[in-house]
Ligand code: IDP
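Below, in structure tokens: the form predicted alone, a single chain.
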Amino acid sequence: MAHQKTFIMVKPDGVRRRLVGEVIARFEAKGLTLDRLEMVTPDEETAAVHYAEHRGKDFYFGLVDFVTSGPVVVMQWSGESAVSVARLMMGTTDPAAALPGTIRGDYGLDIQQNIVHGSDSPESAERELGIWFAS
């Protein structure tokens, strides 16, 4: 096991539904450490950079529109195997397939309104943390 940093975002639906505290509480209870937190309303440019890997896919513009539709909470978490631990806690991207007890399984409404985004590898965590916490 390795000490890692990961990026977690509570998306606009999670903020609107007042689930930020619930998300934070779950990661804290698991033993991860919250290192940085900021509430921002993403601009189109930042969203485009964040979702660059999906550019050209039919759902790309929907992702950008959704994440820029309101405030998000961006966070840096750290801990042992933080990336994989966070991914397990979030559940699969599609809430209909996510297990009960996961964030998406308990609170997600559909594949877009699934409450949270989390880095899928240490490399993407580094890239995403650089986008959202530039300084």
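Note that the structure is predicted; figures quoted are calculated from it, not measured. Numbering starts at 1 and runs along the sequence shown.
Note that the form predicted together with the ligand isn't included here; everything after this is about it.
- Taking the partner from elsewhere, no residue among Lys5, Arg26 and Trp132 has a non-hydrogen atom within 4.5 angstroms of the ligand in the model of the complex.
- Using a 4.5 angstroms threshold between heavy atoms, Tyr107 stays clear of the ligand in the model of the complex.
- Contact annotation: Phe61 falls outside 4.5 Å of the ligand in the model of the complex, judged by heavy atom distances.
- Residue contact check for Gln112: one or more of its heavy atoms lie within 4.5 Å of the ligand in the model of the complex.
- Proximity of Thr41 to the ligand in the model of the complex: non-hydrogen atoms within 4.5 Å are absent; the residue sits far from the partner.
- Using a 4.5 Å cut-off on any heavy atom, the one residue of 7 to 33 that reaches the ligand in the model of the complex is Lys11.
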